[in-house]
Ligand SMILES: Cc1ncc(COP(=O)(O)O)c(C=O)c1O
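Just one chain is shown here, as structure tokens, and it is the form predicted alone.
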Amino acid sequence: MSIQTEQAASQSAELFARAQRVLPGGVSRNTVLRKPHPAYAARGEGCRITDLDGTTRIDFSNNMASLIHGHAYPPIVRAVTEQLERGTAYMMATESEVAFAEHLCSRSPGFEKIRFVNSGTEAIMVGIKAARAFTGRPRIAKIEGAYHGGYDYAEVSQTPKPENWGSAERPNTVPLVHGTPDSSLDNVVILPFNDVERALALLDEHREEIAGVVLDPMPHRVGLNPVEPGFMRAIRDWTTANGSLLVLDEVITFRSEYGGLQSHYGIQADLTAMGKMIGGGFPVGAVAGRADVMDVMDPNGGRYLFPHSGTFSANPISMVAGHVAMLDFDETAVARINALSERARTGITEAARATGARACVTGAGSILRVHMKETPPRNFREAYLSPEEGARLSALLDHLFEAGFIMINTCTAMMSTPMTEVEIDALVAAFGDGFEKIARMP
């Protein structure tokens, strides 16, 4: 290690020591933690980040899927700089909000109206509240293990364990946070993923009470396998027949197709939650859907049931950045990075086979996830890591980080438009080396 690197490492350790005095755990989001201390970013450009140690890595995390064009994308930098000179937020509406809304609504026939918020969590909150307001019903249903942000109802059974998740026929409602009130648990129905018969039986038990079914069409923590078409169609048909709403969480998966992953299934949700990449690197969320449902938030309409506002909702910085990002993420760009992801999935699968690693790859569009399992999991319980699998995954992630690759900590990768086959092939080679290492683990 050079003197320069030793000094940088010492600076990182000192910075983490400072952080621990003022931040719980030394951070504001646990996902950036590493041992012995987090890597602190100095700058990013394109698909690479350089840390305070002076080490540059290829970024396959893209800030948890929020950077579709990588770091410091010049058109976004220019648009945001121009807007900064005009102001960052006003107690007035802006043309940028209208223009961005028009563009997003043009991408999907199911997006009749849209409302902007500040995060994916907020988008899910608004979607759930709008579904309750529209139907007059209290309960929601969601998939076991699915992540939908930090809202009491949405986070039920986000991280159940074998000792508390109950039977596959009737999964328990398990709180994520200690102290979650029983009333939150009682108003959520947990469904097994990709199991039509069991899911419909549970829904039928509460058919008069369910306001909406919240469904991620490719839930990350459930295994990052796309929902099976039969399951998607069954949930869509059940909600339609029973006066409930289908609320799709496309906060991550909207990147998968030009009009979101739902377009792959020929499905139109009643409400769709979005976030992450549609902000162009700035905080954003949005809910889009049927006009009659969205109009429960219209104070000038005839069915105003859901008062909604937010200080930074539709702020002009996020609006102009997001609009540029999405204009440049056209159908050609979507197809190109989807092809890069397919190249990566194929290469990693071949590397696992060649090295004898007990690993498989899931995902679709521009997203992939590597599992320490021989066959792709179909639901959360199959995706759940055993202690041995967890140890091998941790070792693989450490190897990739040291080899110069930033992954999401489930061993998930998100492609961005600055990437080329060069970065993809480098990632595949690093996985091959990593698989050989973990194959020698006891």
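Note that residue numbering follows the sequence shown and begins at 1. This is a predicted model, so every value here is computed, not measured.
This next part talks about the form predicted in complex with the named molecule, which is not shown.
G149 is the sole member of G259, G149, P192, P316 with a non-hydrogen atom within 4.5 Å of the named molecule in the predicted bound form. Listed residues N338, T121, S96, Q83 were compared with the named molecule in the predicted bound form; T121 is the one with a heavy atom within 4.5 Å. Using a 4.5 angstroms threshold between heavy atoms, D216 counts as touching the named molecule in the predicted bound form. Although the partner is absent from this view, K276 contacts the named molecule in the predicted bound form, with a non-hydrogen atom inside 4.5 angstroms.
Among residues of the shown chain, V251 is one whose heavy atoms approach the named molecule to within 4.5 Å in the predicted bound form. Partner proximity in the predicted bound form, defined as non-hydrogen atoms within 4.5 angstroms of the named molecule, places exactly one of 350-358, 230-238, 183-191, 113-121 at the interface: 113-121.
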